[in-house]
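Below you'll find only one chain, the form predicted on its own, shown as structure tokens.
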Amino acid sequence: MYDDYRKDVIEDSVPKMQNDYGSAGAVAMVQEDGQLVTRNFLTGVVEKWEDMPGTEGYRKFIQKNQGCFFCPTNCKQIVKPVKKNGVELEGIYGAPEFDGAVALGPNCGITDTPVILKAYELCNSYSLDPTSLGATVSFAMECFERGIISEKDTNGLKLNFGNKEVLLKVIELIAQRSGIGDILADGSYRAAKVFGKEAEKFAIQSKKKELAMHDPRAKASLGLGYAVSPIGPDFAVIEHDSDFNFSAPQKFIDEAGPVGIYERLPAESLSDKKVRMLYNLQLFWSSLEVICGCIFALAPVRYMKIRHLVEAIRAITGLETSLWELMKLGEKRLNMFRVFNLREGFTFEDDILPDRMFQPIQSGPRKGQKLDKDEFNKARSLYYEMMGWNDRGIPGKGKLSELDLGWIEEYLPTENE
């Protein structure tokens, strides 16, 4: 196991990229592919970004790597104390992860790397989620540019896309719940209710949570995963579509066999086979959450083979187990989440994507690309069937009993609810 682990971590391109740049290293890759979330999911590319994460120029801001104990990837980067472009970085915080870099950067129309690093530093210092915050500010910027809100509402701030000084100011206002920051502190869904005037269509959220910074129009089954995820649209609900498309390394396809992925499929498709891919990958990813397994370390895309995961669990616990049992734990977790959400008032009507995902990307190599709403709804229904849920997304008695979860059946809604 150790020999395979060391060999694979050296040969695998993904951990190398994460070691060099952190997970934000993927920014340059998605920019080249035309799926970089930009200006509140309007476009898929930026025109110019000096020192973009994933490029050599970005390294000048990094002083060292850190990581979990004894992990060879060391995917966490620590920022240098730097003064540049009128910004001073303290040099005591980690560099942005992918989602944070995109949410605070191109999604707000900003490509000034020191400003993005400073915005991430402020989020860290105030304990604010950078993805949700960046997406909420981006929403407010679009509302400002469309005339839904004005300088009268923003305390005189010109909340245009690309206004880097205002981004840093708004983060402070959100942390202090002052002025426009008091409204934005509650997130884009609730802010849209306050703004009115059709603002809701520009809040890019599902289950009242802002989307992660991977565009479902380029990764369709991830988009379906966003919609049906019990915790809302998180980037880690499954391994992404692009890791199993026709340009993915053969290693990824080979390593995915144990979880039932045997063939390459188009990333933009929501075919029945893609729904099956989501179902299988989601059970596996959910099992990693149960055992606290790191998605940045495990196959099929990273270097620790799936069979080695099972062997490690056996060695640590002394229990005889299997991949089947681990995936069943993942399925059990998803169903417990589902019943909890149903009890708290969520329904299948919350398993949605925002309207923008069914509108075309406006520029870049993927210009015109969008999801089909009818295809999405059919895929969601098929996913429910695979999960053993009815057409309203409610787990059936048979599925709960099979998972030894009969005891939570009492929390299910009745037919009239």
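The numbering used is simple: start at 1 and walk along the sequence shown. Only a predicted model underlies this, so the values are computations on that prediction, with no experimental measurement involved.
Missing here is the form predicted together with a further copy of the same chain; even so, the following discussion is about that form.
Please pick out the stretch from 81 to 89, 182 to 190, 267 to 275, 215 to 223 that is in contact with a further copy of the same chain in the predicted bound form, where contact means heavy atoms within 4.5 Å. Careful reading of the contacts points to 267 to 275.
Gly257, Tyr279 and Trp324 each touching a further copy of the same chain in the predicted bound form (heavy atom, 4.5 Å): Looking in the predicted bound form, the three residues Gly257, Tyr279 and Trp324 all sit within 4.5 Å of a further copy of the same chain (heavy atoms).
Considering non-hydrogen atoms and a 4.5 Å limit, which listed residue (Lys76, Arg333, Lys305, Lys169) is close to a further copy of the same chain in the predicted bound form? That would be Lys305.
Which residue among Leu382, Ile352, Val45, Ile62 has a heavy atom within 4.5 angstroms of a further copy of the same chain in the predicted bound form? For this set of options, the contacting one is Leu382.
Given that the partner is absent here, does Met29 sit within 4.5 Å of a further copy of the same chain in the predicted bound form, heavy atoms only? Although a further copy of the same chain is absent here, Met29 would stay clear of it in the predicted bound form, with no heavy atoms inside 4.5 Å.
Report yes if any heavy atom of Glu320 sits within 4.5 Å of a heavy atom of a further copy of the same chain in the predicted bound form; otherwise report no. Yes - in the predicted bound form, heavy atoms of Glu320 and a further copy of the same chain come within 4.5 Å of each other.
Going by a heavy atom distance of 4.5 Å, is Lys207 a contact of a further copy of the same chain in the predicted bound form? Output for Lys207 is no: heavy atoms all beyond 4.5 Å of a further copy of the same chain.
Wondering, does Cys68 line up within 4.5 Å of a further copy of the same chain in the predicted bound form on heavy atoms? Result no; Cys68 lies far from a further copy of the same chain in the predicted bound form.
In the predicted bound form, which residues of 377 to 400 put a heavy atom within 4.5 Å of a further copy of the same chain? Going through 377 to 400 in order - heavy atoms within 4.5 Å of a further copy of the same chain in the predicted bound form - the hits are Leu382, Glu385, Met386, Gly396, Lys397, Gly398.
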